[in-house]
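The chain that follows stands alone, in the form predicted on its own, written as structure tokens.
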Amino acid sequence: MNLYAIRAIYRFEMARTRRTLVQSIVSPVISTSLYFVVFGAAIGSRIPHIEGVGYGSFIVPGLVMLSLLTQSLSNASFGIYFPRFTGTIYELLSAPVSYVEIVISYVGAAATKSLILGVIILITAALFVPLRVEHPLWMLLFLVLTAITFSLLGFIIGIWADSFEKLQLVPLLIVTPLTFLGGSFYTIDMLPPVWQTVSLFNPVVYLISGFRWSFYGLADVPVGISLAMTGLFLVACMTTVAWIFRTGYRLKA
């Protein structure tokens, strides 16, 4: 394992975050704060509690997951797309660095950025609403697994995209709607029976449900199923990345 190469790429990607601090950290935190103001104040005044939890506190796990998913995708996809766009990817592929080391570097940096942002948002949320975390180890587990999984998905998108427009296509048209429909601001028990069944086909439901359970012990689906679905998604992304490097898809063109 070439630890020097991993560290070099990782530090380069993390340095890019420092150069774009407003875009990477400040902007998502401000957007999340506005969610608290709008949803917590406007809607929260009409829905005081959900299963014994104040509405403002109830939406915190969903908002953290919303930011974590979108930022993991954005960071990882842009991180690998930009070297392809400039042509420096060929220097990386010809260097004595294995595919595993390349993935660890880029995905690790993207996941780290997302985790830092998630922690900052949690701290920000504590300024607006009271929070409690009943299962802190489970919370960390879901945070880490989700950040790694969606960073891998972002890496795949960055390889697949051949333009900046395509780079934003999946996050904007698929992932963000699925997150909003995945129980970020409500529990699926509030939906009609038919839509409850439809919601179970949304993979984001399992992520948000498991993450919310780690806070309040409330879950739309059993936490074991949430963890299993997260692990299954992780394995699927890892398999896809392995196939990309084995076949050279969009790398050797």
Partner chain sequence: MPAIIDISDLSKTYATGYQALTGVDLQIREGEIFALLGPNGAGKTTLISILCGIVRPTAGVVRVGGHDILRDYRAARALIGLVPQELTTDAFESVWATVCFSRGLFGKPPNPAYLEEILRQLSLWDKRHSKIMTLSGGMKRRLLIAKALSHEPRVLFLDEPTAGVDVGLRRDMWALVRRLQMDGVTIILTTHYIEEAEEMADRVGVINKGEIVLVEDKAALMRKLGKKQLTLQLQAPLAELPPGLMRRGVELAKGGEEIIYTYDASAAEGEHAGIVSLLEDLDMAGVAFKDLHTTQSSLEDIFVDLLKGGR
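Positions refer to the first chain, counted from 1. Source: prediction; values computed, not measured.
Omitted from view is the form predicted together with the partner chain, to which the following refers.
Site residues 4, 87 and 96 are all in contact with the partner chain in the predicted bound form, judged by any heavy atom within 4.5 Å. Think of it this way: in the predicted bound form, the partner chain has a heavy atom of just one of 129, 169, 140, 92 within 4.5 Å, and the residue is 92. Partner proximity in the predicted bound form, defined as non-hydrogen atoms within 4.5 angstroms of the partner chain, places exactly one of 130 to 138, 97 to 105, 169 to 177, 151 to 159 at the interface: 97 to 105.
For residue 19, a non-hydrogen atom is located within 4.5 Å of the partner chain in the predicted bound form, even though that partner is not displayed. Residue contact check for residue 241: none of its heavy atoms lie within 4.5 Å of the partner chain in the predicted bound form. The closest heavy atom approach of residue 237 to the partner chain in the predicted bound form falls outside 4.5 Å.
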